[in-house]
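Listed next as structure tokens is one chain, alone, in the form predicted on its own.
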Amino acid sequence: MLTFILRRLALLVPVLLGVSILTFALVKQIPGDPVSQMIGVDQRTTPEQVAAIRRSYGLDQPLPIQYVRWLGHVAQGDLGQSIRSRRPVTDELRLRLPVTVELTLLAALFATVPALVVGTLAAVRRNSALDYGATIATLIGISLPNFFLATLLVLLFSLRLEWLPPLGYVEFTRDPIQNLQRMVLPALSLSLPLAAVLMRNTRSAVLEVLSQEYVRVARAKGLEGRSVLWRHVLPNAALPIATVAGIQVAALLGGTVIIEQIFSLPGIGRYIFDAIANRDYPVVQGVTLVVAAIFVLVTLVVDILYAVLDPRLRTAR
């Protein structure tokens, strides 16, 4: 098992290096000049002063040299300094990343538990009212944009019923109750598409296992339905479900941009949104690299979970 984990960790190095190259190259394609954005409409700035600013940030160097310098700082834990606020990106991420992680974990919790239960029951009771209802809910969840759902939830639970506050954020350490009350609506808005996808894939995976020969043999031996489900069906259906769940949960990090903007949450989604609008290259590069690294690490966790669920994969090349 240790050899399997070390082999997967070794594969992360070229993957993260490729992600850093792609991130740097794409950010440089953003239209606009960050120095002009930083200076604004101040007409008193001379061309010499503009050149000095570009030189201080290394923007006058060729792109390969800029990349090597940036990668060297990243390797030391320095993601650069915001052109707009002059604050280190690493310090901003320390403040904002917990907000996004909490939102992502709550959304994953709200999505996975009902999706796994309902998807499994829909497969076991195929062509029943529950199955048809789950299918309709899946289609609605996939088709309904999360920003539209967020607006409906605010109108219903905040403005009409006045059960939950609509906007803002309170730290969990300061007031846990207020924190959860303000995070429920954003998490629900973010969780619906994940729940729909996971429910559909759970149903398909369980149905495929139910049609296998060994399941019919287990039933022919007189095993009860629950015993067949827990001992034979769910363990073998877990691999494809874990694949979809891992990728979708990691993708939630990228989906927080709109939700954090709607609910005024100070997370990394809102941070990178403002950075793109202001042509703040260091912030965009740093946040994108961190999110990509988290996505890769989640994929690593899914690979390890594979080996736990199926020991045959531990010796696979």
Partner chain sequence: MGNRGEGVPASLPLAPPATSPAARVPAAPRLLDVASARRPTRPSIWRAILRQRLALTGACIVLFFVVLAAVGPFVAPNDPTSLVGVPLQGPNAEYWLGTDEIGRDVFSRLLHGARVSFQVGLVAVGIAGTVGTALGLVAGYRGGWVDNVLILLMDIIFAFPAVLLAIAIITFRGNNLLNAMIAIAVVFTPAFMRIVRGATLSVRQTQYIEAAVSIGTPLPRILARHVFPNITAPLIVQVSLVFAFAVLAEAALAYLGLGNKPPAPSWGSMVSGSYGSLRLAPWASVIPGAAIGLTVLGFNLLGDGLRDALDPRLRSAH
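Numbering follows the first chain given and starts at 1. All values reported here derive from a predicted model rather than from experimental measurement. Take the two forms, superpose them, and find the largest set of C-alpha atoms that agree within 1.5 Å; that set is the rigid core.
Note that the form predicted together with its partner chain isn't included here; everything after this is about it.
Check your understanding: Which one of 9, 309, 22, 301 is close to its partner chain in the predicted complex, taking close to mean a heavy atom within 4.5 Å?
Key -> None of the others qualify; the residue that does is 22.
**Study point:** Residue among 126, 94, 87, 231 with a heavy atom within 4.5 Å of its partner chain in the predicted complex
**Key:** Exactly one listed residue reaches within 4.5 Å, namely 126.
Check your understanding: Quick one: which of 170 to 178, 102 to 110, 231 to 239, 212 to 220 gets within 4.5 Å of its partner chain in the predicted complex, going by heavy atoms?
Key -> Of the stretches listed, the one contacting the partner is 212 to 220.
Review point. Just to confirm, residue 29 within 4.5 Å of its partner chain in the predicted complex by heavy atoms?
Key: It does: once its partner chain is placed as it appears in the predicted complex, residue 29 has a heavy atom within 4.5 Å of it.
Check your understanding: Is residue 265 close to its partner chain in the predicted complex, meaning a heavy atom pair under 4.5 Å apart or at it?
Key -> Flag for residue 265 set to no.
Review point. Are any of the heavy atoms in residue 81 no more than 4.5 Å from a heavy atom of its partner chain in the predicted complex?
Key: Flag for residue 81 set to no.
Check your understanding: Can any non-hydrogen atom of residue 145 be found within 4.5 angstroms of its partner chain in the predicted complex?
Key -> Residue-level check for residue 145: yes, a contact with its partner chain.
Check your understanding: Mind listing which residues of 120 to 139 have a heavy atom within 4.5 Å of its partner chain in the predicted complex?
Key -> Residues within 4.5 Å: 126, 127, 131, 132, 135, 136, 139.
**Study point:** Displaced residue check between this form and the one not shown: residue 22, CA, 2 Å or over, core reference
**Key:** No, because once the rigid core is superposed, the C-alpha of residue 22 moves less than 2 Å between this form and the one not shown.
Point to revise | Displaced residue check between this form and the one not shown: residue 296, CA, 2 Å or over, core reference | key: Residue 296 C-alpha, core-superposed: shift of less than 2 Å.
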